[in-house]
Ligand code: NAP
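Next up: just one chain, as structure tokens, the form predicted alone.
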Amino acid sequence: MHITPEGKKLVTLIPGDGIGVEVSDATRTIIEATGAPIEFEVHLAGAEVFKQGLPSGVPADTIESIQRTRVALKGPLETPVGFGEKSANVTLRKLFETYGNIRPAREFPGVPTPYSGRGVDLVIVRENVEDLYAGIEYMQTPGVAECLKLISRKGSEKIVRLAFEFARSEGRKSVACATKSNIMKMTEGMLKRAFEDIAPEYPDIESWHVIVDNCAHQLVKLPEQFDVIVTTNMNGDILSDLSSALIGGLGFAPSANIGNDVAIFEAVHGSAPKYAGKNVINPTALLLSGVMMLRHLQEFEAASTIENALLVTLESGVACRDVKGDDGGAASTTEFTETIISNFGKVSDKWAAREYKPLVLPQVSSAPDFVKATDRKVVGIDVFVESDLSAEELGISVEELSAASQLTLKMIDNRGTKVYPVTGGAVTDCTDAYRCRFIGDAVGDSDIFDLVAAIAQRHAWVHLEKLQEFDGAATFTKAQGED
């Protein structure tokens, strides 16, 4: 936290693209009206920066500001789709290791939904920097793309502990862990195992695991059963958007990106350029992100003042077009902002703001080798090859080429299904990306190099994965149909 000579807490404000300027202005106006000792330092990121030719979308002066302030409030940024630039949103999260994304979803007065009256009040705690969002992708062949899903034990422990600590800070009673560990037993299973190891350290909080597709089903069927849900990056992205639909849409969906050193607060919704400059946008999502920011800065009184005033405003029937529609007496962005400020000091009889305690950030070792193995050995190699041959033709060819190798071809699969040797009459519509699995005893790097060189005489290899055992346990999965 950076304190100015005047005793104010300095915050980097990134207005954002499209409607970002309007919702940022509204949020800043409301926060400043509380008298909280906050000073904003405005910097750019997003579309205007991309247009200047900076591929990250985040200029050096913005990065330097966040490094100094340690806290940022960010409007929505436009993300290029389908071409080279990285998402500026993801860039900021990764640059500052904001490993936890906290996304609340609660019912609001005056915002009718099919779930009104059921008391939906839940929080998605999403791992924020790894998983498929590491963005490590390759074209294996002209027609087959690959994305690496990376889940670490360290990242899993950090997000699980954050979920439990956040539950305690808000007086919540349960944490559910949502994974797809029934299919991805090593990656998604990493989070599940970390959760089950850590949960007993929080005996005051109920914990359970749920398969993520069932979690989505249950969120639609009975959302009030959930309090806090912790999950992996992509799962969390999807579930949090689903959750916001339960309570009125993305216009009511705030979020906090939490790291050990830096916190970035932002609305979940996008930049909606077609509404930019029309003074019709609901600023609630970014305003509630600002409330989360105030609590992070331990300005609890200002945060409570804003949250209560927002609840009173919505309860009174004042809302923007996303609630009222275009012909329903919707308030403009500025009218909504002014009404909230006029309601400072008021408290609803029916809709209470939560009581909060300071969030205790988990302390997890920063050692790169977070998990150590006492014993390890290489027992084989997967060689990914590009080939237009049939599975049988490829299998015969590879067996011939590897006849002198210390390793033996066990099987070939295509997109995870064994296709050679053929057993059981399975029908697989193959692509030109095959995986050839070789096994052996005491496999050394020279054995692997010799094998790959032999295969390369006829076939293009594109990717290698060592098959290892750590402390006697296999560290790789089997293909469908592999014995």
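Think of the rigid core as the biggest set of C-alphas that the two forms share within 1.5 Å after superposition. Residue indices: 1-based, along the sequence shown. A quick note: this is a predicted structure, and the numbers were derived from the prediction, not measured.
Keep in mind the form predicted in complex with the named molecule is missing from the figure; the text below concerns it.
Proximity to the named molecule in the model of the complex, taken as a non-hydrogen atom within 4.5 angstroms, holds for one residue of D322, E299, E130, E399, which is D322. Interface residue among P104, G380, G236, G251, judged by heavy atoms within 4.5 Å of the named molecule in the model of the complex: G251.
Heavy atoms within 4.5 Å of the named molecule in the model of the complex belong, among the stretches 358-366, 388-396, 280-288, 343-351, to residues of 280-288. Using a 4.5 Å cut-off to the named molecule in the model of the complex, each of E78, N89 and G270 places a heavy atom inside that distance.
In the model of the complex, no heavy atom of Y202 sits within 4.5 Å of the named molecule. The named molecule in the model of the complex is approached by Y275, whose closest heavy atom lies within 4.5 angstroms of it. Looking at K74, you'd find a heavy atom of it within 4.5 angstroms of the named molecule in the model of the complex. Contact between I14 and the named molecule in the model of the complex is not found at the 4.5 Å heavy atom cutoff.
Contacts with the named molecule in the model of the complex, taken as any heavy atom within 4.5 Å, map to no residue of 180-217.
In a rigid-core overlay of the protein, F50 has its C-alpha displaced by at least 2 Å between this form and the one not shown.
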